[in-house]
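The form predicted on its own is given below as one chain in structure tokens.
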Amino acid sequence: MQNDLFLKNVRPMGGPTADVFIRDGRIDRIGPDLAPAPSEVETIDGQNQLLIPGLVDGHMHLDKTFLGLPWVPHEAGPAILEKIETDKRVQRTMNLSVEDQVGKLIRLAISKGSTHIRSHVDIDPEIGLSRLEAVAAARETFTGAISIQLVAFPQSGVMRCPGTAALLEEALRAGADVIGGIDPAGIDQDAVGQLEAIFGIAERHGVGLDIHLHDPGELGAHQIGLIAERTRRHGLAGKVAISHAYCLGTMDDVQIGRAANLLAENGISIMTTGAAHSPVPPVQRLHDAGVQVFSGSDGVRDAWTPFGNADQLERAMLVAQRFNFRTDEGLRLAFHVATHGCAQALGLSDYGLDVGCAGDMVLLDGENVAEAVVTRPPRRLVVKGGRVVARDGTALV
């Protein structure tokens, strides 16, 4: 019974000690002193450790990583277009096996407790669908060990690269789950054109969107309005995310209030890495307004950044530090951003530690989730659908 598991003596979310029985990959029972599982079911004594739901990395670029290679010096300039061109040049020069590199990063994410990933994968006329095909093959290899959503991502733009819109549609037929976008004004210089194209594709195929928005100030704010209007028009509330949204980090109190209400009314989620190098959306203010805020690793050891380790508990810590979340309440919000916030943004309806939820969970040292964010302890056990996929910080797949 590969997807049946009995966990004894664990503390879900830092609460009282309980037992958890996972049957057919889902939580069947949870409570104190449950009757023993059938003899053929593996039983693990959690030794009173903290049990949390599987971590969710809501924003990765699996296809770009240099993980496991000799050190690659960072060469990209500060501008977004410079980073895009540097990334393409370096990737051409290195000629890596994308599928092999993706596998390294997936295993690292599993070892850190992630049970779900949303990854953006580059699509453009130069590389076609080759990267998507490689990442989709890696996803297939890790079936049952981690769930992966793929975003068809027009890294170089849509309008400035003729043929990209058609490739995005083809990507959905080839296994992509979500349509991406990037700086409709800043990159394409045609905000209306790009948004009309990608929202049209999303509506025709019944999928959501996740749009990178680095454009600052009024330019970025204007595009949030355009995205909200199209989300409403196409009936995509709850299926649209804006990643980075630097402009939200520079608004005054009145502006952020209006923007937060607009986002909440249209069910648009906001992803932040809590990065130190740029303005970031105000997590507490957005959360209080009802906006779903979530987090992700973004790049991990690639041409965009030398940083990253696929640890969503560390990402929660970085968010907490960026916003000076020192109280347990603030630390719990940072944890929420890396768990339930991500799950809701990704549409994971069976996420959590309740009966009926998927059997995705992590066992680790710590009194409660606030301490887990601060100390980022080793992941003693990672379970995906009732299957143990990592022990003591090492992936078993």
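Since we're looking at a predicted model, the values are computed, not measured. Start at 1 and count along the sequence shown; that's the residue number.
What comes next is about the form predicted in complex with another copy of the chain, which does not appear here.
Participant: Given a 4.5 Å cut-off on heavy atoms, tell me which of 203 to 211, 321 to 329, 217 to 225, 165 to 173 is the interface stretch with another copy of the chain in the predicted complex.
Facilitator: Contact criterion met by 321 to 329 only.
Participant: Can any non-hydrogen atom of residue 92 be found within 4.5 angstroms of another copy of the chain in the predicted complex?
Facilitator: No, residue 92 sits far enough from another copy of the chain in the predicted complex that none of its heavy atoms falls within 4.5 Å.
Participant: Can you work out whether residue 232 and another copy of the chain are in contact in the predicted complex, taking contact to mean some heavy atom pair no more than 4.5 Å apart?
Facilitator: Although another copy of the chain is absent here, residue 232 would stay clear of it in the predicted complex, with no heavy atoms inside 4.5 Å.
Participant: Using the partner position in the predicted complex, report whether residue 357 sits within 4.5 Å of another copy of the chain, counting heavy atoms only.
Facilitator: Contact with another copy of the chain, no.
Participant: Using a 4.5 angstroms cut-off on non-hydrogen atoms, would residue 131 count as touching another copy of the chain in the predicted complex?
Facilitator: Contact with another copy of the chain, no.
Participant: Since exactly one of 147, 305, 156, 292 fits, which has a heavy atom within 4.5 Å of another copy of the chain in the predicted complex?
Facilitator: Residue within 4.5 Å of the partner: 305.
Participant: Of these, 85, 99, 196, 314, which has a heavy atom no more than 4.5 Å from another copy of the chain in the predicted complex?
Facilitator: Answer to the contact question: 314.
Participant: Between another copy of the chain and 70, 276 and 368, in the predicted complex, does every residue show a non-hydrogen atom at 4.5 Å or closer?
Facilitator: Every residue of the candidate spot has a heavy atom within 4.5 Å of another copy of the chain in the predicted complex.
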